[in-house]
Every structure is written in structure tokens, then in C-alpha cells.
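As C-alpha cells, one chain now follows by itself in the form predicted on its own.
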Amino acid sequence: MDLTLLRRLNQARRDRQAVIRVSDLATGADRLVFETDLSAEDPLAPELTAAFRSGKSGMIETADGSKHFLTVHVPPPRIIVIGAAHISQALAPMARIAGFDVTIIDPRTAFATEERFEGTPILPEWPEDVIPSKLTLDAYAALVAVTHDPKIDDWPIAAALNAGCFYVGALGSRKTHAKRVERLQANGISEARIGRIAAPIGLKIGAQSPAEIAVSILAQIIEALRLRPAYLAVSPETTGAAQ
């Protein structure tokens, strides 16, 4: 690979940017395609979109018989859970088994203890004090807000929407969510972005117990990750809740 391309690839990986190295097997030519730059005009657009979604490398053959090898580099998906609740206790180990990095954030130190979340990183701090200084929100991060406390949940929800997280879910009834929507709108979050919130959270499978709700949330997160648009475009948006 050309040294310049290699440097760009390594930098992209450090920056948690999704990128594919496209190698023409006939000519040996290489090029990099960033998920943020993927165009419908690219002759390999359908194959590249599928590769970004699956995260799997492999050879493809186009209709004209040309063959390319796609080396896919996507950031490891992460789930940031706001709230050290019973649902979080069930969600964390299941999500780790499914291959997600999981971190719990909750300033309520009585709940955010290592004993309750063995094997899962716990940050007993306010979300705005650890995002983005310790945790980055991006297109390969999911945010799950389950505290039922707007003082804790609202800021990270707004930040996740502005950052283009592939999934943003919030616990609460439709009435609770309607009030949340009003608060987010008052803080300058657009209707389109607010519409991306999964609320009530989780797939509709009739879940009742914390463990069942955790299953429905994880399934919805996987669905969002694998079936998301090739790239969730993010334009700068100033909000009072998340700068």
C-alpha cells in the first residue's frame, strides 16, 4: 500500500472513522473510501454500503466481471448506558457477549458500584463531566438512557443526537417522552433529530422484567447498527444542553 494511504488509514482508525481499503485485483491499485464520503455515484456503492454495515472484509465481483478486495476497518461498536439501573445490570453482560464495549455512567454513587456491575466499567460521574473527555460519542456509539431523571438523562441524549450516534434510546412512557421532547426542543434540538430517539425504548416484544427489557433494547441496538443508513450525516447544531 502507498505510504500516504497507510498514514491516512492509521489516522482514521485512531479517530474512530469507518474506512474501507478497496484493492483492484486486476491492477493492484488501492484507494480508501470513508463512510462519511461514500457517494451513490461510486461504482461500488452497494457493495461498500453492505460492507460498512456488516464490518466484514472480503472479495467482491461486479457485474462487469471486475474483482476487488474490500478490507473493512470500522470502529468497535460501543454502548454508553446512562443509569446504573436493574435494566443496566442485565444489559451490560449480554451486550459484552454480543461484542459491544459497554460503559455505565451514573452520578448516583449508591447505584454505580463495581459490585453491581462486575466486569463493566463504571463512571460514577455526571455525563457532561465524562463526555467527551473520557468517552467519545460518534456514529459507532449507542446511548441508552434509563435513569428516569431528566437532570441526568437529557444532556447525554442531546449530545448523542448531535454527535450522530447510530442509536439513542430512552426509558419512559409516551407521556414522559412527550415532556422530554419539549425540553429538548427548548434547548434547540431539531425535530428531525428528536425523531431518532427510540422511546419507549426497546423492540415491542411484550417485555416486562428488567432482563426482558434489556433483551428488547439490545435487539433494537443491533437492528439499528446493522440496518442503519451508510452514514448518519451530522451537521453542527448549537444547543444549550450539549456543546
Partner chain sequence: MSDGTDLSDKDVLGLAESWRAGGRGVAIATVVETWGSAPRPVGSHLAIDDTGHFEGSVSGGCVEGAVVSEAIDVIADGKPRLIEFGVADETAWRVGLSCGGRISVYVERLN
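Given the structure is predicted, the values throughout are model-derived calculations rather than measurements. Residue numbers count along the first chain shown, from 1.
As for the form predicted in complex with the partner chain, it is not shown, yet the points below apply to it.
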Quick one: find which of 173-181, 22-30, 201-209, 40-48 has residues within 4.5 Å of the partner chain in the model of the complex by heavy atom distance.
22-30
The single option of T103, T71, T136, Q89 touching the partner chain in the model of the complex, heavy atom within 4.5 Å
T71
Check, residue by residue, if E128, P132 and H148 all come within 4.5 Å of the partner chain in the model of the complex, counting heavy atoms only.
no
Would P76 count as a contact of the partner chain in the model of the complex, using a 4.5 angstroms cut-off between non-hydrogen atoms?
yes
Check G55 for me: does it contact the partner chain in the model of the complex (non-hydrogen atoms, 4.5 angstroms)?
yes
Is there any non-hydrogen atom of A192 lying within 4.5 Å of the partner chain in the model of the complex?
no
With the partner left out of view, is A186 within 4.5 angstroms of the partner chain in the model of the complex by any non-hydrogen atom?
no
Within 1-39, the residues that have a heavy atom no more than 4.5 Å from the partner chain in the model of the complex
M1, D2, L3, L6, R7, L9, N10, R13, R21, D24, L25, G28
